[in-house]
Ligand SMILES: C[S@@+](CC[C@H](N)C(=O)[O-])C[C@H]1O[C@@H](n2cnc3c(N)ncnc32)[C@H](O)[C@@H]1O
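Let's start with one chain on its own, the form predicted alone, as C-alpha cells.
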C-alpha cells in the first residue's frame, strides 16, 4: 500500500515539473521592422533578410521562441530593449573620416571669439567626436574654446566611446605624430589619452525622443551617415529636429557624403 502512495506522489511531482514549450515562430519579421522604425526611425526595407537573420540569432541566444514574444519582452524589459537596439544599429567608423568637413569646421571655429558647442549625432563609438577634438587642438584652438557632445541610440557604442580603446583599423588615417601625441599604444590597441577623452561628453539619446531637445542649442552639428537609414518622411522629420537645435539658422548641418540632404523645396 505504501508503494502505491509513493507512486502517486512521484506522478504528481512529474506533472508539476512539466513545462509548456512554446512553438518557435520566426516567420513574420515585418511587424518587428515596423516597431523598430517607430522607435528609432531606421528602416530595413531593402534588408529584410539581414534583419531576420540578426533577429533569429538574437532570439535563439536568449531562448525567445518567437518575434511576437520578443516584442512583449522589449515592452517590459529595458535590458532586452537595449540589447535589441544595440543589435540592430551599426557602429563601424574610424578617425578622420571625411576630413574635408572637419577642416571646414576648423576655419569656422577660428572665426568665433567665444566658446562653441558642437554636436555629433550619431557619435557611434567616439571616433568622429574625438577626431574633431584632436583636429581642433592640432589647429591651435584652446580646449576652453569648444565643447563637444556625442550622442548615439546605441548604449553599448556610447560605453565604448567613453572607454576610447581602438584597434588599428580605427586609427588608420592618423599619422604617427598624432598617434604619439594623443594615444598610448599597448598590445596592438590604441588608448586615447585622458585629457582628450575629457573634452567630449557622451550621452545615450534618440533624436526622436522629446527629451533630445533638452541638450540645448549648438553652434555646429555633425550628423554624418545617419540619414541613410531613414525613409523619406523620417529624413524630413530628423532634418527639422536637428535644424531646430542650431543657434544660427544660417549654419548648415554637416552631413555625410552618403546622406541625402533634403531641401525644403522638395
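What you see is a predicted model, and the numbers here were worked out from it, not measured in a lab. Positions refer to the first chain, counted from 1.
The same protein also has a form predicted in complex with this ligand, omitted here; what follows describes it.
Considering this ligand in the predicted bound form, the lone stretch of 194 to 202, 50 to 58, 37 to 45, 66 to 74 in range is 37 to 45 [heavy atom distance within 4.5 Å].
Although the partner is absent here, residue 33 is not a contact residue: none of its heavy atoms lies within 4.5 angstroms of this ligand in the predicted bound form. The closest heavy atom approach of residue 90 to this ligand in the predicted bound form falls within 4.5 Å.
The shortest heavy atom separation between residue 221 and this ligand in the predicted bound form exceeds 4.5 Å. Residue contact check for residue 153: one or more of its heavy atoms lie within 4.5 Å of this ligand in the predicted bound form. Taking this ligand as positioned in the predicted bound form, the residues of 223 to 244 that bring a heavy atom within 4.5 Å of it are, in sequence order, 224, 225, 226, 229, 230.
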